[in-house]
Ligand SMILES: CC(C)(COP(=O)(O)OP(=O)(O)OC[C@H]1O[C@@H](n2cnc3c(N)ncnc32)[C@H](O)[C@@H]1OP(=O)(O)O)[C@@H](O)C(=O)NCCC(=O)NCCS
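This document opens with one chain alone, in structure tokens, the form predicted alone.
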Amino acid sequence: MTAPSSPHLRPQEVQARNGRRYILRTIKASDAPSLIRGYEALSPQDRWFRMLHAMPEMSEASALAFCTPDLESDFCLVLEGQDELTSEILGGARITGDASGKNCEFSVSLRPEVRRLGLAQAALRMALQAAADAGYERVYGAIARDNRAMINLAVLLGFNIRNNPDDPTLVIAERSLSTPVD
């Protein structure tokens, strides 16, 4: 994978629907404490939606693992906070490659304070472009059936949604990366 050299992984400014501008950049190990605080800001349902299993808190070891992706196959883009959330990460989008080097999984998460501003869409759009730059051909993700916001975002970005044959509480969102991300 060549994702670390993708132009879509360089820090970029994104504008939210409210006109505020945020920096979207790759995650770094020093973001781990902020990641823990951001996870604590999520409701129990949002934690379930993000992890797809019960994880009431994020340990320091888990946070560090999330903040140090294997750059040969994975990357994570995060949004930097401002004002009362300065030096906090607000959320972002992650791509995790599989062993084939052709497929990757996506995930997205945002703190409640910055939802409905188009930031999840901006982060996922940039992550998908970087995944395509890296040579991935297909992207997929498991989404809780009750997570309407994430399903709507996936549909907006051209994902096909189908039932998960192994778990009726989940759907699978998937799309080819050979077509541009609109």
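The shown structure was predicted, so the numbers you read here are calculated from the model rather than taken from an experiment. Counting begins at 1, following the sequence as shown.
Omitted here: the form predicted in complex with the ligand. The next part is about that form.
The stretch that touches the ligand in the predicted bound form, counting heavy atoms within 4.5 Å, is 151-159, out of 130-138, 30-38, 151-159, 59-67. Contact check for M126: every heavy atom lies farther than 4.5 Å from the ligand in the predicted bound form.
Although the partner is absent here, N103 is not a contact residue: none of its heavy atoms lies within 4.5 angstroms of the ligand in the predicted bound form. Contact check for R17: a heavy atom falls within 4.5 Å of the ligand in the predicted bound form. In the predicted bound form, the ligand sits beyond 4.5 Å of every heavy atom of I95. The candidate spot formed by L110, G118 and N147 lies fully in contact with the ligand in the predicted bound form, as each residue has a heavy atom within 4.5 Å of it. Taking the ligand as positioned in the predicted bound form, the residues of 37-51 that bring a heavy atom within 4.5 Å of it are, in sequence order, D46, F49, R50.
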